[in-house]
Structures are given as C-alpha cells and as structure tokens.
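The chain below stands alone and is given as structure tokens, in the form predicted on its own.
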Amino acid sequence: MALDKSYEAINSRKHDIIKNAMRIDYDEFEYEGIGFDYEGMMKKVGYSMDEMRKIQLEHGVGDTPLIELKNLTALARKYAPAGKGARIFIKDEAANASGSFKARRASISVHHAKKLGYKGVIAATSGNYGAAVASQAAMHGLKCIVVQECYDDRKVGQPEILEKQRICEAYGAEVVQLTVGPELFTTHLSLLEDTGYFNASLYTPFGIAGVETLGYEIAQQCRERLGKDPDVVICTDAGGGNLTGTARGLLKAGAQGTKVYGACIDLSGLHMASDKDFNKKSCTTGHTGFGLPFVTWPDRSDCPRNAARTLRYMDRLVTVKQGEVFYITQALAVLEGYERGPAGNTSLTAAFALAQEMDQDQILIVQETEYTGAGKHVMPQMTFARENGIEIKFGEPDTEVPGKSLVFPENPGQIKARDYDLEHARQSYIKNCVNNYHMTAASEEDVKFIMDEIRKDRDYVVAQLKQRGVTVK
C-alpha cells in the first residue's frame, strides 16, 4: 500500500523517518515538559575531539591556516580612537575540501553514515553545505542527494545559489531543486523515507560536533602563535551551527575567556519564505531573515531537536549591511590578496568595525572564509540586483533599504556593527516556548532548561514566564 505523501502525512511520520535515517531515537532525550537533555544528545555522536580531527584530516578537512590581515587592521586603526584597533585574523576555511567550514559538518556525518552501512546521504540546503556533503560522499563512495531551495515561482534563481548547484553536481550529487516555500524539509523527509539514506542534516549532533574542531584549532593556533587565547571570535550566524560548534570547540580547548559574537546581514523587512522577496536579497546565508528565527526558536529544523542553539553560547549579536559586505569583500581582495565569498565576509565586515572598539593588543578572529566562484562574486550579484529593481549607489550605509537599495559606503569609516538586542531575543525565545507548548504551568525542570538555553538566572526566567501567564510549580 502506497504511503500518503501529503505534507501533513509526511510530517506526522517525521519522528520515525529521522529515527530510521540516523539510528537515533530523539525521544530518549526528552524531558517530561518542554526541555530535553542537550548534552546527552551531543554525546550520542560518540567521537572524541582527537577522533574527529583524525577523520577530518584523512578527508581533506581541518588544519586550515590562521592568517593575520595586517593591511585591513591598519586601515581599521586609521578610523579608530587612539590606542584602539585590535589585530584581525581569519581562519581560512576555504582551504577545506569543498571550500568552506561546512566540510567539517559534513565529514563527521558522512563518515558515520559509512560506518553504519548506509548507501547514501541526503541534505537539505541552498548553500555550501550541499557541496560539502557531496564532496565527502564522493570520497567515501556513497550516493548523495542535495535538496536545494533555489527558485522563485518564475523559476528564477540567484547567481550564488545556482553556483552551489553547479558544484554539488560537479561532485556527483543528484540535486533536487525546489521553489521557495515550506516544501524543503518535507521533500527532504520524503526522500529519506523513499531511499533509506542517512540524514546528513545541518542540524544533527554529528554536524555540530564536526564544527567543534574549528573552535579547538583556533584556540590551539592562537596559543602557539601568539601565546594567548583570542579575545573575540566572530561567526557569521544563519542556522546557528557555525557559532554553536565553534563555541563548543573553544570551551573544550579551555578558552573560557574568549567572547563569541555572531554577525548577520540586515535584511529586515524581507520574508525569506516569500516568493516576492526571495530574489530581492543579495545574499543567501548569514542574514537576519534566516539567523534571527533560528536564534529565537532553534527547533524549526528538519530534526526533532536542533543541535545548533546559539543563545547558549552567543555573547553579542551584530548586524551589517549588504553594501558593506560587498565593500569589505573587495577590500579583502585588493588589500590582502584573498578573494573569498560573502558568507565569511559578513563576519569580516563586522570585525572591521568591532576592531575599532578594542585595544590594539587584543586579538579578534573571523573564524571562517568560504570559496568564491562565478555566482558568488560581487559583480553578478550586483547585476542580478539591478535586474530585480534594486537601486545601487554609494552613500551612507544606514540608508540602505533591504529589497530596494544596495548602498556601498563612501569610505571605510562608515562601516558599522549594529548591536541586536539579545534581551529581546531571549524574551522572544521564552514567548515561543509558551506559545509552541501551550504552557500554562512550568515545572522546575522547565525553568532550568530555559535558564540553560538563554544563560539567565532563575529569577529572570520565572518573571518572564509569569508575565506571559505561566505559573511556576
């Protein structure tokens, strides 16, 4: 008898599909109320740091260089107050197989799939992760399907997304292309059910654990080269795995005093699930339309519980403008001789501004770069923006309106890192807990879980719950 493949039916089978596709029963970690055993879930990965590094190094991943950007640092100091202007470094993750840090996520997932005897892997992504999974699958001799959200309803795709389709296919993956909408994760689940392949999702414990090696390496390289831990590590934030994994790796390396910042491109006013808005943006990742919903409710992913949980680890969140990211992308190439793609350059843009707040003897590390290719360059992105009615000009970046204009700064001193209110994000998270679980009462276990999730004390959490009509038992 044929399975019901309606949206509702597929999602009603989500738990069993994921269990079969990972051999992990997420029910094992669930508490009685709203929470779950996060660390217990992460331990299910079953690999030590040394084992993960060995797996990665055997497959072209890890041990990437830490590069000081002396010329960009000097430029930042020109606009900084006296004595300010931290040293800016980048961890050059473009040196990984497939050209991004996501090779770290893919390597552990694909290795584990091979170990368990799966014949193939599937990932749902519009970004670099598809290329990473396809690359690792090719090395392990596994089949690979990448489910990619890449078109609006006119079947028009952004240059950057289509570049990622090309590289996935170059590595031998089958790419299933979709229009924007809620069908991405549902199609992913359906294909897992039909093929019996491993779920190489971005949001599994395997994917997040793979990024821990990045944070660990940063701490080790900093100590070996500079004799100290970094003061700040800044991560481009989208679904949260980049920041979560890096922060966990720093902690495992003993870098307790290192602050971890997130950076997003400001796309306020654009809805990422809107067909009308989809091609009005000039970037496909690391923006507020993706990052902020995951910050305030991580469990919107294709797994029952998302292993990427940024509020547990993020000390500060800042936003930058699209035009500023394009400017710094070109500055990196012209001043430092490194041509890299927009994802890592989002956090580099923020780092350029943040360095001007920090002392000159402090260390600020941008923890990833990504490869660049035909669709990722500034010029095709600008051309595509013009075709979609976006005005492009030089001026004050704060006048940029997402979906209507791209404003390049007239000089580097105009580049800013704009703080996003993390208190608002924490309160939104609690609001989502109350609404999504229809909470009228909270146990001490519920309160403790929220405390861990947002790094606030009991009094804060209880007060926020009571404001929303929830009694604490």
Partner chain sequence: MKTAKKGDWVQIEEIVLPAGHRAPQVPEDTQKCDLKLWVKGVLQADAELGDEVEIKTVTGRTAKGTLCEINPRYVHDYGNFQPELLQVELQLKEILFGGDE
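Residue numbers count along the first chain shown, from 1. For clarity, every value in this text was computed on a predicted model and none was experimentally measured.
Below, we refer to the form predicted together with the partner chain, which is not included among the displayed structures.
The candidate spot formed by 68, 83 and 88 is out of contact with the partner chain in the model of the complex: none of the three has a heavy atom within 4.5 Å. This chain is displayed without the partner chain, yet in the model of the complex the stretch 141 to 149 from 93 to 101, 141 to 149, 279 to 287, 229 to 237 comes within 4.5 Å of it by heavy atoms. Using a 4.5 Å cutoff between non-hydrogen atoms, residue 403 does not count as a contact of the partner chain in the model of the complex. For residue 163, a non-hydrogen atom is located within 4.5 Å of the partner chain in the model of the complex, even though that partner is not displayed. Looking at residue 174, you'd find a heavy atom of it within 4.5 angstroms of the partner chain in the model of the complex. Proximity of residue 363 to the partner chain in the model of the complex: non-hydrogen atoms within 4.5 Å are absent; the residue sits far from the partner.
Checked against the partner chain in the model of the complex, the residues 114, 377, 316, 305 give one hit for a heavy atom within 4.5 Å, which is 377. Between the options 390, 178, 251, 358, the residue in contact with the partner chain in the model of the complex by a heavy atom within 4.5 angstroms is 178. Residues from 55 to 81 that approach the partner chain in the model of the complex with a non-hydrogen atom closer than or equal to 4.5 Å are 71, 74, 75, 78, 79, in the order they occur in the chain.
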